[in-house]
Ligand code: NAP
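Given as structure tokens, the chain that follows is alone and in the form predicted on its own.
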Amino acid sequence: MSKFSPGVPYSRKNPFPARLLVNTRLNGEGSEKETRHYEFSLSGSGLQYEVGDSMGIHPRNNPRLVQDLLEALKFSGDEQVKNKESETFSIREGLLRHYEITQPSKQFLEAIVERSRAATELRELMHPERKKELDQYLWGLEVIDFLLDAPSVRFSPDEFVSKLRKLQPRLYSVASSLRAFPEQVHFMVASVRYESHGRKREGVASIYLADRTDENTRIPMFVHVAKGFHLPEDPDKPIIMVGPGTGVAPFRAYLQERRALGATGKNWLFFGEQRSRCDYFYRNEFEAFQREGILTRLDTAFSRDQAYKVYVQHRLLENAREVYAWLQEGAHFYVCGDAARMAKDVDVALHQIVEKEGASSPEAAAAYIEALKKEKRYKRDIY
């Protein structure tokens, strides 16, 4: 991570040390999840972002996990190591701030296979054609597990860090508008905590933010421009926003921005989570937007509130006629959130809507949606 250089514009290479203002849990009593709302001061940074952009933050690793690694490696923590940029620091500092110490790299796994006779299963799975099986085997396993399982394997400090990847910044969708909150940025982040192979695990950045930051912490951050996920240039254009869970973050920002601009375009939000009583994020804000006429329509899908699961794609299909009518009026269609399932299911639903309401063949519906993409009216920020 670079040292802060106030005389130089803040950027990815020279991130701004933002001060934490608010860290609050969004879920109510009885929720199975932990989703948090953060507000940071950008005062004095000169940083400018548009709604739809993301902010990159530089996290730090958990000191407890660093200590576990040092003990497994039989290092004091004071040993000096050098990175690829020829910077020198203690290995403890390196493991805290510079290296990815949870997910094992290919180089680390190869070193374990090479030095441990016991790693026979891993050795077999390292063949390129068995990548899928290797990924399944590695799920929930971290660097520490391999070191504890092979106590006879030894590394020198420099050798060990050479097998690790660089700790990368994490990107979070901006959940605020600068017009509504000058010199601030808001995020919503799902805190990742789980147990596997008898050890408690955690998300590097999400738990750093949740548990190890306070008003005295400075979080290095920078603007990451999302080229294809901005509001329509024409403020009269209607927009349809599909954002379950933390995917609703940019749409909170969109609504703040459109209110501040006095935009006349209609706004329709589809939001989904598990339970309405404890997982309805920003409910008061969204209902206020409705009362003011900023949020034209709000449809929610709470999957655990009934005997059968209801998701955002089901709400889209229930409102197929109106969704298609909005598209015919020139609406922009936005999707934010989970790439693995939700975004695919929403895409299938969109094809079905165009097919049914446009009395189109599957091929014609696909061409219609392809045209939406080319016109930059179907935009996705999925992860």
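Quick caveat: nothing in here was measured; it's all calculated off a predicted structure. In this text, residue numbers run from 1 along the sequence as written.
There is another form of this protein, the form predicted in complex with the named molecule, and it is not shown here; the text below is about that form.
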| query | finding |
| --- | --- |
| Partner proximity in the predicted complex: Arg315 to the named molecule, non-hydrogen atom cutoff 4.5 Å | no |
| Interface membership of Glu322, the named molecule in the predicted complex, 4.5 Å heavy atom rule | no |
| The named molecule contact in the predicted complex: Gln256, any heavy atom under 4.5 Å | no |
| Close approach of Arg341 to the named molecule in the predicted complex, 4.5 Å, heavy atom | yes |
| Location of the named molecule contact in the predicted complex, chosen stretch of 99 to 107, 126 to 134, 259 to 267, 273 to 281 [non-hydrogen atom, 4.5 Å] | 273 to 281 |
| Among the candidates Val113, Ile294, Ala190, Ala226, the residue which, in the predicted complex, approaches the named molecule to within 4.5 Å (heavy atoms) | Ala190 |
| Residue among Ser162, Thr213, Ser90, Ser303 with a heavy atom within 4.5 Å of the named molecule in the predicted complex | Ser303 |
| Heavy atom of each of Tyr311, Asp345 and Tyr383 within 4.5 Å of the named molecule in the predicted complex | yes |
| Neighbours of the named molecule in the predicted complex among 37 to 61 [non-hydrogen atom within 4.5 angstroms] | none |
